[in-house]
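Heads up, the chain below is alone and in the form predicted alone; it's given as structure tokens.
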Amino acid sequence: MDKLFAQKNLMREDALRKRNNLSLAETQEFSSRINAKLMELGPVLKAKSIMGFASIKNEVDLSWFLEKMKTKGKTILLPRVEENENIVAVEFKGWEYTASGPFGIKEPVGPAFPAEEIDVILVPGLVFDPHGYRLGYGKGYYDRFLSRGKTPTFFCGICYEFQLVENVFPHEGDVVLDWIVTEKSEILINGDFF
């Protein structure tokens, strides 16, 4: 078990190192490609409510996509970390209505949005595999949140191509994604949404 834990941490560290070494130009270019792919993704286009995330430390920047979807009349949501170490979705009404959360991430202010009413959740992470599993920072925030959502909610992993590995060695409680988008590829895990 300790060996597996160490292996997962090495994968996280490798992905973080590569992500931190991206230039601003690379981050912008790769994010732009991912945003464009999301604009053509069927479940996203059909959705009434989409939960994204505010990026930190060279993560994929979804701000252009989120703003565009907002102008199309979709309800846009962002995560907020609560005192009980769970996340909730809160409607994004503009960057001026956000505050810095416990990890320095911009979080919306306002009431929690019902998880069962979210159509699409764009999921960040450090490492992803082609079976739809991911490694985050190890706190389990997203897995707990995703397990509370409705069925079917479309879970779409968002990452750079270098964050893909053969196997993240999931454990019980890890939630499977339906699709993964990178700047170079898209991976279908669950075809039920198409």
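A quick note: this is a predicted structure, and the numbers were derived from the prediction, not measured. So that there is no doubt, residue numbering starts at 1 and follows the sequence shown.
Below: the form predicted in complex with ligand ADP, not depicted.
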Ligand ADP in the predicted bound form has a heavy atom of only one listed residue within 4.5 Å, and of 131, 139, 46, 57 that residue is 139
With a 4.5 Å heavy atom cut-off to ligand ADP in the predicted bound form, the contacting stretch among 139 to 147, 154 to 162, 35 to 43, 60 to 68 is 139 to 147
### Contact of residue 183 with ligand ADP in the predicted bound form (heavy atom, 4.5 Å)
no
So, residue 174 and ligand ADP: in the predicted bound form, are they within 4.5 Å at any heavy atom pair? yes
> Just to confirm, residue 18 within 4.5 Å of ligand ADP in the predicted bound form by heavy atoms?
Replying inline: no
Looking in the predicted bound form, the residues of 7 to 36 with a heavy atom no more than 4.5 Å from ligand ADP, listed in order, are 12
